[in-house]
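Single chain ahead, by itself, as structure tokens, in the form predicted on its own.
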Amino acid sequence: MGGDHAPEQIVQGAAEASLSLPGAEIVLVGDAVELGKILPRLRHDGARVRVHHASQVVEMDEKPAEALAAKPDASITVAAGLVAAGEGDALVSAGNTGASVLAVARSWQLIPGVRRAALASVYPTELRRGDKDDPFSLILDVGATIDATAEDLVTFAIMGSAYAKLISKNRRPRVALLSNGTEAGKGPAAVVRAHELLLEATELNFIGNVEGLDIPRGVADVVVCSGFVGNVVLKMLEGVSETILRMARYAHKQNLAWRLGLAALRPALDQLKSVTDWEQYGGAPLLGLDHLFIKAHGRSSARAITNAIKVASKAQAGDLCGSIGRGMRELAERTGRAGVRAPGDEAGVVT
């Protein structure tokens, strides 16, 4: 029920996914009457799509904690509860981000060893990677854990690497810390300490620090930072993309010479649009909990929802959460041998 184009585009995306994912069952959570009017109009596999009623909806502009308290039967709360009860394996939503993260954090458990969850996001880069020739890199955290410790950053690196391996089919993703210099000693104390831990206690393909200018170049396949920094970076990248599009529209309107120039560049611009099409990736995963949550963009179309469901299905089939758990156990063993504190030694909650 959440998203700028809900529920029509959400239901359509789910209907299309039911035809292309023969091994998945899709549960639509929301107003059964409203969903029941939309679904029969769409081509779908009726044996693999069902509706579970929830009488309330958290709107996009509501304050998360207040909305969840006032609406105990909100669709996002009910959906998270279904997964927690074993009636679902993964959750996809295009609704209120804060309410979604809070709902799953309250219903699910952190993977042993993980102190804080991380919201990851993809962004387009100049370089491509993996068996899929993927043009996207991953950045985490982008908002779930605002102030991350060194141990949190190491955990994010392990989780991001596991996700990139599975989704991008990148056998050995290059992992980097985002800092204000490439030297090992640059950055806040947490970044400096995380750099040491990643070298000492992991077998990740850690390439060291990267700067902001390295992000769009694709120097790293997984960029690790605190949620505060990652959120700023992500919104900056979105702003640059939107500004370039507005500048192109402005140039097209101004004079004939510019229109002719843009026409000559049309094939290259079409290719750029394809490469930067975030809808093909579906959404941003929340990593670190014992089930997978894919947060689709609020503006998601049916195509984006279909792809978000496909990503969730692929991650579930590939046992992403199990892979992260194994990575955390290996880290604990190595840090124990090295006599340093492992992530998860202190209690923590998702923020």
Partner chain sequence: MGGPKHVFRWDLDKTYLRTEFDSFRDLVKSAIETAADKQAYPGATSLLRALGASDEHRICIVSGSPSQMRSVLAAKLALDGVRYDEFVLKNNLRNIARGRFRALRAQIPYKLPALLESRAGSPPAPHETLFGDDAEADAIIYCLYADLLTGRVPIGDLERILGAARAYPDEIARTLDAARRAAKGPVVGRIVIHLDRRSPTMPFRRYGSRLVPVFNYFQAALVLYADGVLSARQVLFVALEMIDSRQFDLSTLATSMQDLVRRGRLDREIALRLAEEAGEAAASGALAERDDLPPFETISTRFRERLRQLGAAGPLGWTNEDEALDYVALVDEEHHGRKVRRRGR
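No experiment lies behind these values; they were computed from the predicted model shown. Positions refer to the first chain, counted from 1.
The form predicted together with the partner chain exists for this protein as well; it is not shown, and the discussion that follows is about that form.
Taking Arg326, Arg303, Lys314, His44 one by one, only a single residue has any non-hydrogen atom within 4.5 Å of the partner chain in the model of the complex, and it is His44. Residues within 4.5 angstroms of the partner chain in the model of the complex, judged by any non-hydrogen atom, belong to 32 to 40 and to none of the other stretches in 315 to 323, 62 to 70, 288 to 296, 32 to 40. Taking the partner from the other structure, the partner chain in the model of the complex has a heavy atom within 4.5 Å of a heavy atom of Glu87.
Using a 4.5 angstroms threshold between heavy atoms, Glu25 counts as touching the partner chain in the model of the complex. Taking the partner from the other structure, the partner chain in the model of the complex has a heavy atom within 4.5 Å of a heavy atom of Leu19. When contacts are judged by a 4.5 Å heavy atom cut-off, Val49 counts as touching the partner chain in the model of the complex.
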